[in-house]
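Quick heads-up: it's one chain on its own, the form predicted on its own, in structure tokens.
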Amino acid sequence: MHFIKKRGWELPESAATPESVFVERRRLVKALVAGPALLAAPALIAGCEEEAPKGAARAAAPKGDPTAGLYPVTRNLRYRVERPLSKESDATSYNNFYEFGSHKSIKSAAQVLPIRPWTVKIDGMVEKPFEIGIDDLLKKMPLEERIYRFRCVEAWAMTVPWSGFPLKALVDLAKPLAGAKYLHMETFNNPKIASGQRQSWYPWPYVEGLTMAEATNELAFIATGLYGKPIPKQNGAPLRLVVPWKYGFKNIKSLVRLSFTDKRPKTFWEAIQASEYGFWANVNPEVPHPRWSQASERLLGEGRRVKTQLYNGYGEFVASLYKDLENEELFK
């Protein structure tokens, strides 16, 4: 007898989305577009992608958002997980965004962030530095949806459907020089509207960094949408990094600059407390934070705890990146 062993991140599509409205909206619009013949057909499309009809989310998207018509986008079924999606209301109301405060309830405060116009600067060790507006950038990028686990260093977790594009696509657009070893990323810096940036003890702007190998890994993602709509401001609009094998503080929000360099960036939390928040920040249940265990995590909106997985369950994608770095503190 032949048994098929599922990998840790695999999940049947029927179990991936617990929000009945989210699922039924997709199915209903497919049926309306394709006609009565589709009503009797399975909602899941064979192969590696599921088509998410664009009209489904337009009514719920923010008014005046020029990208609203882009979503929902095609779901890439290569990136699935073994647990249900978190509720959208939880994922969009329990957020870290220190630019707007050091508490989780920053949703209202973040709404003052102006996301149009929004320009991204590409510079450093590239063939030719340039700036590009967010809407022009989106026209050049291959948008898709991916379901990823998200693990905060504070030991809470969620599972959400990000829309966006592989970071590698942006790296390819930038055309870095051969000597570039790191990608240095910065968020906006505007203390006039971001109250947290008036706190002088923080090293603003927020800075993060990846090695070039990490930045071009297939999991590294730039999110522009969430739950089939443009990404909310409190979740990092209009561009946010998603690296699901690392703790959440590495997932820098509201990007305005990407610089290619041969020097390792001094990241925001590393500058504040390097003994607790290092450059790598890969998830590992066996390496505790100095002030709490990382062996388990609390699922957002559920309260129950589950065991933390090495690399947040994505080891088959990323473990090879670190095989020659025995002397690095990869999980701090």
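All residue numbers are counted from 1 along the displayed sequence. Quantities reported herein were computed from a predicted structural model and do not represent experimental measurements.
One more form of this protein exists, namely the form predicted together with a small molecule; it is left out here, but the text below deals with it.
Interface residue remark: Pro166 is not counted as part of the site for the small molecule in the model of the complex, having no heavy atom within 4.5 Å.
Taking the partner from elsewhere, Gly248 is found to have a heavy atom lying within 4.5 Å of the small molecule in the model of the complex. The shortest heavy atom separation between Cys152 and the small molecule in the model of the complex is within 4.5 Å.
For the chain shown alone, Phe130 is not a contact residue for the small molecule in the model of the complex, no non-hydrogen atom being within 4.5 angstroms.
The stretch that touches the small molecule in the model of the complex, counting heavy atoms within 4.5 Å, is 249-257, out of 249-257, 214-222, 134-142, 81-89. The listed set Leu170, Met158, Leu77, Ala110 contains one residue whose heavy atoms approach the small molecule in the model of the complex to within 4.5 Å, identified as Met158.
Here is the short version: of Asn190, Gln199, Thr261, Asn96, the single residue with a heavy atom within 4.5 Å of the small molecule in the model of the complex is Asn96.
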